[in-house]
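Only one chain is shown below, in structure tokens, and it's the form predicted on its own.
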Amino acid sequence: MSSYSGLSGECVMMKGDKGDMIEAYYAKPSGKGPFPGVVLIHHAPGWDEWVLEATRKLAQHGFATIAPHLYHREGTGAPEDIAAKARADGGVPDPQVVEDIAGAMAYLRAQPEANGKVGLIGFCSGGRHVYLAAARLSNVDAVVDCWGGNKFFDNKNDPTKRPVPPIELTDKITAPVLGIYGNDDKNPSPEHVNKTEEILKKAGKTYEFHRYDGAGHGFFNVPKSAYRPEQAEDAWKKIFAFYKKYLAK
């Protein structure tokens, strides 16, 4: 028997907001399953190579994972160019993102190898997006927020694209929440992480936060200078254990 399970990965088209067909990357473990599902929401730099690697990493550990390309509507070209265009336009609208996430969840649950449970994970802006989606969607089974900033009201809250700060919707979250944060991060700052925890606790939500000294924003991202191997390895173990607890049947 091999020490590691096999997996397969491919680009697929899935139905998102308003029935739009958008690109996504889907990776699943080898075998018939059933497997828990995870929707991975990419960071502000876009649907890049590291995002696809993280999708495969989750599949390697037993989770059928899909990463929708939230900037797909911006056109074709290199992922970094598309991401730059999206950021210059003020990002993607929150309602659109939530419905794209809902579409990704539906895609996972429609697969023959699915066990029916679906978790969310998001990095950077994706952490903010999954927190928001957990409040807006009723069928989320577990949420992992990796250093998601801008949950509170700020000058980026364009009423057409960001109508409500996610933190104000905390009462509506029903899924357990895992937070992964670096103590050297500026967005979210340790103060904002403290405030988020305070609000989750006051609302009686199930949550656990893990904070890492010596780590800043994006400390999972291997090619970047922010990468912190020891902290990242420990945090990934926390994520796998969390998902096994809440997504395995």
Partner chain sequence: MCTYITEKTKIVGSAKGPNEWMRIDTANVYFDHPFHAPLDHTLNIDFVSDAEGGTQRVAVELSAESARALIRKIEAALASGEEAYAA
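For clarity, every value in this text was computed on a predicted model and none was experimentally measured. Residue numbers count along the first chain shown, from 1.
There is another form of this protein, the form predicted together with the partner chain, and it is not shown here; the text below is about that form.
Using a 4.5 Å heavy atom cutoff, 48, 81 and 125 all lie near the partner chain in the model of the complex.
For the options 95, 165, 176, 149, the one in contact with the partner chain in the model of the complex, meaning a heavy atom within 4.5 Å, is 149. Listed stretches are 56-64, 22-30, 38-46, 206-214; the contact stretch with the partner chain in the model of the complex is 38-46, by a heavy atom cutoff of 4.5 Å. At least one heavy atom of residue 226 is located within 4.5 Å of the partner chain in the model of the complex. Interface membership of residue 197, defined by any non-hydrogen atom within 4.5 Å of the partner chain in the model of the complex, is ruled out. Though the partner is left out of this view, residue 88 does reach within 4.5 Å of the partner chain in the model of the complex, counting heavy atoms only.
A residue is said to contact a partner when one of its heavy atoms sits within 4.5 Å of a partner heavy atom; residue 141 fails this definition for the partner chain in the model of the complex, lying far away.
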